[in-house]
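Below, in structure tokens: the form predicted alone, a single chain.
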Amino acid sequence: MSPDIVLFAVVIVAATALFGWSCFRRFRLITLGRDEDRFDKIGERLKNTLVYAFGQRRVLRRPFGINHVVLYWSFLILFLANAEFVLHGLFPAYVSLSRLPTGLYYTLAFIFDLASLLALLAVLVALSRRLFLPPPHIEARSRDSFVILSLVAVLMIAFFGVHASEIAQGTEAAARFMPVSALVAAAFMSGAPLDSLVGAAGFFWWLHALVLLGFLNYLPYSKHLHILTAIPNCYFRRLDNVKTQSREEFTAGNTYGVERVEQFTWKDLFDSYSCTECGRCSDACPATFTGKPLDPRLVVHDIKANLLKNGSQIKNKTDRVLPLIGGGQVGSVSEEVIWECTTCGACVEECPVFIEQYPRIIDMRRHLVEMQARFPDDLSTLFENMEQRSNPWGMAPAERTKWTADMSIRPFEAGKTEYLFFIGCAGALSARSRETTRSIARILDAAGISWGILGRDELCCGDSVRRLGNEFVFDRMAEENIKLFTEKGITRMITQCPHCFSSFHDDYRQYGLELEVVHHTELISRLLKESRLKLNHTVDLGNVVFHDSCYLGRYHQIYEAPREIVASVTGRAPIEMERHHSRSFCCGGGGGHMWMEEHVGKLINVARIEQALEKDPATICVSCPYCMTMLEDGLKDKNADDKVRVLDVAEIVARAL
């Protein structure tokens, strides 16, 4: 055994042991989290891994994602080359690609040469972007990024150096199948003495070995740990959209929400290791966009930093070094940040590796509300009204039927009425949203739908209090609603509000309630397609811009139904804003923000109105009472309410009847 082999074996053993120890120290902290079952439906999970991890589907949503895909697949290909490099260094007489059949060897040599070039070019593009065209939503010039990119570049240069030296010596049988290495040999090594070529080959070989092993050992301590965790994180992703939170069980002695990092689940902690810090969630977040301290990327980073900082203390059951909720330093999430989230879901929708950002914020809200009674002053009245009168304004139950004053509306009767039309708090109690409610009622009658209402017996669905972290009040409201629905024999429901729709469709299933819930846009679209609802004429609304509701769009993928309605009524498809469909921008009313004031940065609803006004609309169509209120307020702030109107899709259909 030559000294080089012995030395390389020692280096390999030391580097591998250090890498294994580093990974063990990092990943054992994941086990501190609570249990969560993400081991079901293996076939579906494998399919998701192929599509999203190896296929990079979400990465390719952005143009620059192409560069990442090139680098990613080059790395996958070169994994085989590097494995052969290590094994050949340890066992040169037994392991070598040259021992393969000639055709296969030449093919692999060509592929590895080309993949190395593509990887180097991708690194240079990434470096140039960070230096000269840094995107605003990430820390483009971070030291960590430059270290990793530089190591990859040196690794590729060393690869070409090794093979170019061998080609120049005439010892590489696949020389004519390695065009890049051959070009390097011709350009830089032509005519060089044999001793120099042998020395160059040795230098580049050791450079490749040390950089490869250095890169490997740097990974556990950098954000590029995601190279190890992103693929399994795609495997363990939630199999449906993130639309709800886990249910809490209220028993004596329990604690609620998350105050300490180990109270998250193991998957939540694994998410924090999987963050690539690409900044796509930051770019999509309405709070970040409008200049507020909340940045979902940094929330995930703080969870990871807190886990690493407190890991040994948690294991030894000693006092924490760093609080999870507090702020002022990396690893603590400020209360201000926790209350700025609108739960629009844009962060989760954009993340290439399916990190669940905003549910972690709600976990921390739960602790603040249920364990410490700490929440913004705006919410005191809301919580009180919800508990006492089951609506945000604290209005008397009799107010829920005022919209029916000059209409013949029937109460729901079990066995006689097909659908319950669940009006919702806004639809029944907001003067503006009552107009939408009346329009829906006219449409249902025109289509011959059998429907009824609960009237003064109707209660709030509880969506806002749940998203604000007041799970105890939501739990009580849910139990009361389920009892009412069961007594009334309700099995099919129409909702006006996407928040009611989402709550009954998803939250209430955690309580065993199985309802057929349909949003009014879905129902109206279906009635038009089936010709059960016939329009007398088209309606001229000028330029129509459509705004997607987060809870209807991103939460439930209902994008086309409202657009089809607009097209049927006006004779043409609505104009799309720059941010639409899955990349739509929040109105600012979700996550309980309908009842809160914004004190920092630009108002979210004003930012959305500015995006709409860029399209010179005469009408903005919506499908949610929260969006209606927020966008109308935004128009007033921009002094554009006399030029542009906001209408629900049901209102424009009613005009065409």
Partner chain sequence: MLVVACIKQVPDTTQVKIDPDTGTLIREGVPFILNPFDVHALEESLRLKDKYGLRATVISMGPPNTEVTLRKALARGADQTVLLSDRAFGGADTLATSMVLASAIRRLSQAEEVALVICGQQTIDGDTAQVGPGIATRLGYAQLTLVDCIEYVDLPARKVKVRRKLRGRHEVIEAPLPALITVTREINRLRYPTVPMRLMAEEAAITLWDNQKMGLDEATIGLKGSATQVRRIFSPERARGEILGDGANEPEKAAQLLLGKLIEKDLLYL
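Everything numeric here is computed off the predicted structure, so don't read it as measured data. Numbering follows the first chain given and starts at 1.
Absent from the display: the form predicted in complex with its partner chain. The rest refers to it.
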>> Within 4.5 Å, heavy atoms only, one stretch in 82-90, 264-272, 537-545, 367-375 touches its partner chain in the predicted bound form. Which?
In response: 367-375
> in the predicted bound form, does Tyr256 have a heavy atom within 4.5 Å of its partner chain?
Replying inline: yes
> So in the predicted bound form, does Ser380 come within 4.5 Å of its partner chain, heavy atom to heavy atom?
Replying inline: yes
> So in the predicted bound form, does Phe250 come within 4.5 Å of its partner chain, heavy atom to heavy atom?
Replying inline: yes
>> Using a 4.5 angstroms cut-off on non-hydrogen atoms, would Ala441 count as touching its partner chain in the predicted bound form?
In response: no
> Which of these residues, Trp73, Phe203, Phe472, Phe215, gets a heavy atom within 4.5 Å of its partner chain in the predicted bound form?
Replying inline: Phe472
> Using a 4.5 Å cut on heavy atoms, which of Pro232, Pro397, Pro293, Pro359 is close to its partner chain in the predicted bound form?
Replying inline: Pro397
